[in-house]
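Next up is one chain by itself, shown in structure tokens, the form predicted alone.
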């Protein structure tokens, strides 16, 4: 499997609002984000914004032989490179949006996900789009599933807090840029009335239930 770091820099320059960083994640950050995941229990995993594939390849290294990894990417260049770089039959690379995660899972007969990992830059997304993605994420997760995210900023935190009963967080300095890390479990299904409170929390700079 070859690295696609050059594509990451190119795509960041072309679409800075959709690519979190011009630099691929460091090996240390990848290990930090993935360490809490219980791989023996993960049959279906989803990755939002696989980009250069740093997390993708490491996830495949840990995953069960009968598991599946659905990688959802908006950039055609990244999709092409990932498909060329990896012929692992467990990997399904989709050119599409995270907001349609449920439809993508259904199209491949995968059911609900045990794990969803996101590197999407929520701080640059439209509020409505960000809320929609999080609502779809909750709907797509199994009841005992986990949502993991790595972010340059904390815009995602109120979105997570209002949709998950349990949130762990961390920080990884050894990355360009350093990132806030989140692991959320116990997804709440009653999220229909949360959009206004999401905006209020984001606008105030408040970090509900901050554990850092």
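Since this is a predicted model, take the numbers as computed values, not measurements. Positions refer to the first chain, counted from 1.
As for the form predicted in complex with a small molecule, it is not shown, yet the points below apply to it.
With the partner left out here, the small molecule still marks one of 34-42, 50-58, 165-173, 182-190 in the predicted bound form; by a 4.5 Å heavy atom cut-off that stretch is 50-58. Distance criterion of 4.5 Å from any heavy atom to the small molecule in the predicted bound form singles out 120 from the list 101, 120, 91, 138. Taken together, the three residues 72, 133 and 150 all lie with some non-hydrogen atom within 4.5 angstroms of the small molecule in the predicted bound form. Not displayed here, the small molecule is approached by residue 96 to within 4.5 Å at the level of heavy atoms in the predicted bound form.
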